[in-house]
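Only one chain is given next, in C-alpha cells, and it is the form predicted alone.
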Amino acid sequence: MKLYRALQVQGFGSRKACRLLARAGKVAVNGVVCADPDAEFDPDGLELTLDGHTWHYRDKAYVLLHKPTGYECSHHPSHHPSVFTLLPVPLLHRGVQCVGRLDQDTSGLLLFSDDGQFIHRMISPKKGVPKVYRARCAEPVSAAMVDALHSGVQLTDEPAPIAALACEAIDDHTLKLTLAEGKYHQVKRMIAAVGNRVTALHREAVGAYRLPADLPPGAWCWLDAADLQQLEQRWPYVRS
C-alpha cells in the first residue's frame, strides 16, 4: 500500500493532504521518516508517527470510550457537547459511529466503529448481546421490584412485557440489570414501571466485556481481537 493511501484510510486527511504531509517530512514509518508519498509498505504491522503521536495501522477501527455524563451521542447535539468531541480527529475522519447510544445523563461503556457489520451485530435485537447497567434509584429498592423486573414489566407501546435477563439489588437504592435489548430509555422506563425512578445510570459491561477500571471518564482506547470476542459473547456468559 502506498504511504499516502495508508495515511488517507487511517483518517489523516484527503489524498492531497496526505501526500503533502509525507512530502513535508512529517511522517515516520516504523520509526523512519519517509518523504515519498508513493513509497510502498505492507499495512500489516505498519506504524505511522505524526506530530509525535504513533498510530498502528488498523483495517477497521474498534474503540471504547468511557462516556461521562453531559454528552450526547450525536454529531449534531441539541443541548450538550457531542461525544465525538472526545475522540481524536483521525477517528472522526474515518467515519466511526456510535454502536448504540447512551443518554446524555448516562455514563459508562460506549463503543465506536467504522465496521458496519460489527455495529449491526452489536445492536441487533436478534443477536441479543447483553448490556449490564447499574442504576441508582430515587426510592428504596424492594424485593418485589427486583422480582417484577426479572419476571417482566409492561411498557407503553410495547406488545408484550419485557424482562431483564438478570436483576439484583446492590444496596438499598442501587439495581444491577442485564438486558438483551436496547430500547429507547429502556432501563429508566422499566424501573418507572415498578414504581421507582432512576437518578443515575451507568453501563458497565457489554457481552462479557467490562469497562476497564483504569479508564477514566472521557478517555478512550483501542479494542483488540480478544476484546471483540468478549463483547460478542451472549448470555449467560456475562461474568460479574
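Heads up: residue numbers just count along the shown sequence, starting at 1. Keep in mind it's a predicted model, so treat the numbers as computed, not measured.
This protein has a second form, the form predicted in complex with a small molecule, left out of what is shown; the following refers to that one.
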| query | finding |
| --- | --- |
| One stretch from 95 to 103, 75 to 83, 122 to 130, 139 to 147 that, in the predicted bound form, holds residues within 4.5 Å of the small molecule by heavy atom | 95 to 103 |
| Heavy atom of residue 185 within 4.5 Å of the small molecule in the predicted bound form | yes |
| Residue 201 within 4.5 Å of the small molecule in the predicted bound form, heavy atoms | yes |
